[in-house]
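Just one chain follows, in the form predicted on its own, and it is written as structure tokens.
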Amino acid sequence: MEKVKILSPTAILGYGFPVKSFEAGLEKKPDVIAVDAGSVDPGPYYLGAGKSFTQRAAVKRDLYYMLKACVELNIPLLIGTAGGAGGRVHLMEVVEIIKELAFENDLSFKMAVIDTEIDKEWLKDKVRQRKTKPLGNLPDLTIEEIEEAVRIVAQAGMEPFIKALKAGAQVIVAGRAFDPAVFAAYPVAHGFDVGLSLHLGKILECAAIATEPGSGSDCLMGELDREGFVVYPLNPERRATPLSVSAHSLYEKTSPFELHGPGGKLDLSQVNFQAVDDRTVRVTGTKFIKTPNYYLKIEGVKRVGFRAISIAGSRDPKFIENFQSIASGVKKRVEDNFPELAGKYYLNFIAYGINGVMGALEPENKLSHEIGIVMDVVAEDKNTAEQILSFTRSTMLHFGFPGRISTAGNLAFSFSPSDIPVGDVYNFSIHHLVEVEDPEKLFPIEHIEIGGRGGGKTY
């Protein structure tokens, strides 16, 4: 094999794609279909709550086309970070969807299920052995943080996918995984360069986002050879350019020349992006540098309370002009009214039109003619959160300020009821690296024979 063709249908499983683009990709006779199904971008809630941030029906729709294609073409399908966050509960939801589709469409194949949720006792031992270290400016991982965590996952690298491929699996679905790993596993298993394979995976992970105009809901094709790779969109309305592809190489990275991942890093300092035609880009020069020790990224969340919000607006120029002092005054009134709850709640105002996006970093001092206000309360329990929010909302509604004309109220509410219970709140409490001796051993693989309408069995 001198070339590998990889079809990336969509940026995240459930984001969708035009059927015509997907069919155009199938006409190129891909060797493998791969898709990343999640991210930490939507925040810690989904990992903690055990819920997917893409809807089940949308995931099933995307999988319908992918599963049928991989069976008809007799090629592998690799899925990483199942269910959006990659916990065991997320993984099993996607597994159940796959089983449903196999039964409904009489599809038969061998499936491997890779569990990436971490056992707390195993991780505690790693802390005691000083085999963990923080990412960024976080403190060292502690036994207490592990105990408080609701769910902990590790980002699997290529190795478990390669192991499952070599065992004969055609459909591989995994929990949390390093985004490029699902794309790089197949070519690396067939002897292709690790650096080029991972870099191609980095470009393919978000599908047509790496094109102009970019879209996470459209397909991208990658073709890898022994010296480099090319990428091109399947939709004639898009094109890959050196700018669009190189820009995506910078995506979600702290350095333009390095991309760290399980077991090593990509060296992009000598990479060349060259236009083959007006829709295709060729990439060469990527190198992979192994680290002396093999580290995996681990992610864990803990519950910190319950959130309730109220959304209001104002276009009173005097209210807007005095908003910061009004917000401070309302917070003081809440503190005075509920001294027994001191330290048991968090109250914040997000003012869109003033500094709702940038907060204290906002460089502009211009005031909008109208603002939107989100009153955000997090407390230990639902009743406390709603109690604080109700008092906050009513206090701001009637709070006095210099130049006030309206006595009926300061705020306009778009919704009734105005107070909205959001639900449990989670924080990322674990965002660390853990050293492992064997990159496969941590991730158990279950092999299942899917027999279409005839059922299946574990083997």
Partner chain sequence: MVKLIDIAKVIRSKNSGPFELTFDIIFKDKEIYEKVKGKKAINSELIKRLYKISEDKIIGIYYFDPALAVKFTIVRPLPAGHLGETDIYGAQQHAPLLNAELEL
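Residue numbers count along the first chain shown, from 1. For clarity, every value in this text was computed on a predicted model and none was experimentally measured. Each form is matched to the other, and the largest set of C-alpha atoms that superpose within 1.5 Å is called the rigid core.
Just so it is clear, the following notes concern the form predicted together with its partner chain, a form of the same protein that is not shown.
Peer 1: All three of A58, Y65 and A167 touching its partner chain in the predicted bound form at 4.5 Å, heavy atom to heavy atom?
Peer 2: No, because A58, Y65 and A167 lack any heavy atom that approaches its partner chain to within 4.5 Å in the predicted bound form.
Peer 1: The chain here is shown without its partner chain. Which stretch in 35 to 43, 396 to 404, 65 to 73, 409 to 417 comes within 4.5 angstroms of it in the predicted bound form, by heavy atom distance?
Peer 2: Selected stretch: 35 to 43.
Peer 1: Tell me, out of A189, V378, V330, V194, which residue has a non-hydrogen atom within 4.5 angstroms of its partner chain in the predicted bound form.
Peer 2: Only one option qualifies, and that one is V378.
Peer 1: Please identify the residue among D140, E148, E104, E252 with any heavy atom within 4.5 Å of its partner chain in the predicted bound form.
Peer 2: That would be E252.
Peer 1: Does its partner chain come within 4.5 Å of any heavy atom of A342 in the predicted bound form?
Peer 2: No, no contact at 4.5 Å.
Peer 1: Can Y294 be called a contact residue for its partner chain in the predicted bound form at 4.5 Å between heavy atoms?
Peer 2: Residue-level check for Y294: no, no contact with its partner chain.
Peer 1: Using a 4.5 angstroms cut-off on non-hydrogen atoms, would N427 count as touching its partner chain in the predicted bound form?
Peer 2: Heavy-atom contact with its partner chain at 4.5 Å: present for N427.
Peer 1: Taking 4.5 angstroms as the cut-off for heavy atoms, does E212 touch its partner chain in the predicted bound form?
Peer 2: Residue-level check for E212: yes, a contact with its partner chain.
Peer 1: Go through 431 to 448 residue by residue and record those having a heavy atom within 4.5 Å of its partner chain in the predicted bound form; state none if no residue qualifies.
Peer 2: Heavy-atom contacts to its partner chain in the predicted bound form: only H431.
Peer 1: Compare the position of the CA of K331 between the shown form and the other one after a rigid core fit and state whether the shift reaches 2 Å.
Peer 2: Indeed, K331 is displaced by 2 Å or more.
Peer 1: Would F103 count as moving between the shown form and the other one, using a Cα shift of 2 angstroms or more after superposing the core as the test?
Peer 2: The answer is no, as the C-alpha of F103 shifts between the shown form and the other one by less than 2 Å after core alignment.
Peer 1: If you line up the core, does Y352 shift 2 angstroms or more at its C-alpha between the shown form and the other one?
Peer 2: Yes.
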